[in-house]
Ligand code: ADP
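This document opens with one chain alone, in structure tokens, the form predicted on its own.
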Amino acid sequence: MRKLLLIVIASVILLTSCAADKQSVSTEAMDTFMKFEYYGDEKAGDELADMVKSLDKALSVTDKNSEIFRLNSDGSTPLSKDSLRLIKRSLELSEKLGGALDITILPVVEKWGFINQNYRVPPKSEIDEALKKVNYNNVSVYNSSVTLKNGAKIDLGAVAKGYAADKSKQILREHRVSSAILNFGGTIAAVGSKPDNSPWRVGIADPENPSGYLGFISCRDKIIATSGGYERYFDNDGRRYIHIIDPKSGYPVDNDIASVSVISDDGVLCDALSTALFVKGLSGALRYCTENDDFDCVIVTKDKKIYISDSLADSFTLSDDSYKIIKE
């Protein structure tokens, strides 16, 4: 009886401690606002913030002191382990995705002004010239160095947040933090469960009203990355141009998809796929989803249909009845 009482008391103390130890850290990196909420050692939050800032400093395409800026300028340079690891993984995914993801898209993105915010619709001749430099096969890795051929320049923005989410899990493990919700801006890491052992609820933004949610995913130990045309865009002569560029055409994607969310325990995969599936369009995205089972997805179309993986049927909750769920 005494042992049972001690166990109950210990459990109450533990739960009280978890509630008291809630930490919240905010920072700006990778051109977005990030917020990390977790239960445990406050030092973990400082390490998370330092980690994303360090990655941002290494991977930035505009910071003249970054590794990637140096690589794009010189065409060949030694890189840190993080940069090398992310480039290698990105090249593997680019191959698997048939070029729907291509980290050498930067020359085209620059033409549209999405890097310096000087938005413009470039003439087709400029796009065609820039496309000659776009091919992930122009990137070669040897030991600790990367070399770019044929005028290629890389941008790891489509996978950087996912990589940060992956690294965050290791930091939290080292600090024995088992309950956290980390917002990297479009990429969410739901670590463990809530302190009461219930799953985290991650909102899927409504493309027509990004400050609201069309539904929620209940999950534990998952990363969710979302790509949408509402994130960054400009309007010109009555037409909207979004920041997601098709590596084959050189033009901003304009298809039937409004947003794609990918759910997995692999952050880089989530980030890469959310972009690549958007580029593929609805039929191509659904085909890829049915042929691969290492992730789940939520695809929202412009006509307000939601395609979800079968395995999400019990964990996805619709909160806006103007949308219609269609199982993948």
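From 1 onward, residues are counted along the sequence shown. Small disclaimer: the values here were computed from a predicted structure and weren't measured.
The same protein also has a form predicted in complex with adenosine-5'-diphosphate, omitted here; what follows describes it.
*Sort through 48-56, 287-295, 270-278, 33-41 and report the only stretch with a non-hydrogen atom within 4.5 Å of adenosine-5'-diphosphate in the predicted bound form.*
Among the listed stretches, the partner-contacting one is 270-278.
*asked:* To verify the annotation, which of these, Pro207, Gly215, Pro247, Pro107, has a non-hydrogen atom within 4.5 Å of adenosine-5'-diphosphate in the predicted bound form?
replied: The residue in contact is Pro247.
*asked:* So in the predicted bound form, is adenosine-5'-diphosphate close enough to Thr226 to count as touching (4.5 Å, heavy atoms)?
replied: Close contact exists here: in the predicted bound form, Thr226 approaches adenosine-5'-diphosphate to within 4.5 Å, heavy atoms only.
*Answer with yes or no whether Ala189 is in contact with adenosine-5'-diphosphate in the predicted bound form, where contact means some heavy atom within 4.5 Å.*
Heavy-atom contact with adenosine-5'-diphosphate at 4.5 Å: absent for Ala189.
*asked:* Against adenosine-5'-diphosphate in the predicted bound form, would Ala180 count as a contact residue? Criterion: heavy atoms within 4.5 Å.
replied: Residue-level check for Ala180: no, no contact with adenosine-5'-diphosphate.
*With the cut-off set at 4.5 Å between non-hydrogen atoms, does Ala100 touch adenosine-5'-diphosphate in the predicted bound form?*
Contact check for Ala100: yes, within 4.5 Å of adenosine-5'-diphosphate in the predicted bound form.
*Output the sequence-ordered list of residues from 150-171 with at least one heavy atom within 4.5 Å of adenosine-5'-diphosphate in the predicted bound form.*
Counting only heavy atoms within 4.5 Å of adenosine-5'-diphosphate in the predicted bound form, the contacting residues of 150-171 are Asp155, Gly157, Ala158, Lys161.
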